[in-house]
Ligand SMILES: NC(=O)c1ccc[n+]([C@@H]2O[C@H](COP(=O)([O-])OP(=O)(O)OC[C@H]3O[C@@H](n4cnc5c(N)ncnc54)[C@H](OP(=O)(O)O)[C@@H]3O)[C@@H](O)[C@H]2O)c1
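Single chain ahead, by itself, as structure tokens, in the form predicted alone.
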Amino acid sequence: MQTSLARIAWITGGGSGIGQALCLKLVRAGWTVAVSGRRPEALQETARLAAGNVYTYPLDVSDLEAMRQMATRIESELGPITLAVFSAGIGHFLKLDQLRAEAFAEHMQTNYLGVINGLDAVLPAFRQRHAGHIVILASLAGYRGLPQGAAYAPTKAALINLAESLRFPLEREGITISVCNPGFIDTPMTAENHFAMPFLMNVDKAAERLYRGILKRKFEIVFPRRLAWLTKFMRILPYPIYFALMKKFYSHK
């Protein structure tokens, strides 16, 4: 990001979870933040908690034209976007009898294509200015297939691959891209999980880690560290060993 530009951030999924916590962190650090999401009342709560410099722009990230129009509107009303954080997402760990095509489509439309729509919306202006920072919220769940994660985990794996694929062409144009891979964070989404969540992290602490990674312009931002190193190790295990370990921690029903 060019330091001559005002610090204006656009966060999708800003009504709850890490998106909301990061918004509050950015405002305290002097940023102006536009928050988007499907629930206007949740966005208003984010703005109330921030008590200034937060502007609400309700939308559905799966609507490409709405995303394009919103990026244009934000830049018209607030100024050039310098940081785009695509954190909108859903995550349901589903048992075998819950797996339907609709569940896969919903996760893909929101988690993956929602980010694609965001990229489409901000890249023309970022490329014109040869500046900007894009942050994609993926997950440690994207490292390997997880029991009951068939609808959720592949979307996060796709986002990690997407960020890796875009890094080199964007870097040549002066645009920074980061992928954030959190573990289990104490948010409304993880509250639905009915299994042990090792190293569960407070959402404000997670937002602090994310913010520090953004300031350092890191490509991969991961936390909590202990779970990150464990999953990175499991990523390189041969299938027989990996599957044997998974059987000890998950129940297949």
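We number the residues from 1 along the sequence you see. Being a predicted model, the structure only gives us computed values, none of them experimental.
A second form of this protein, the form predicted together with the ligand, is not displayed here; the remarks below concern that form.
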| query | finding |
| --- | --- |
| Among the candidates A66, A207, A50, M189, the residue which, in the predicted bound form, approaches the ligand to within 4.5 Å (heavy atoms) | M189 |
| Proximity to the ligand in the predicted bound form (heavy atom, within 4.5 Å), stretch among 143-151, 74-82, 177-185, 126-134 | 177-185 |
| Site check R39, T110 and S139: each within 4.5 Å of the ligand in the predicted bound form by heavy atom | yes |
| Non-hydrogen atom contact I90 with the ligand in the predicted bound form at 4.5 angstroms | yes |
| Proximity of E45 to the ligand in the predicted bound form, heavy atoms at 4.5 Å | no |
| T231 within 4.5 Å of the ligand in the predicted bound form, heavy atoms | no |
| In the predicted bound form, A9 touching the ligand (heavy atom, 4.5 Å) | no |
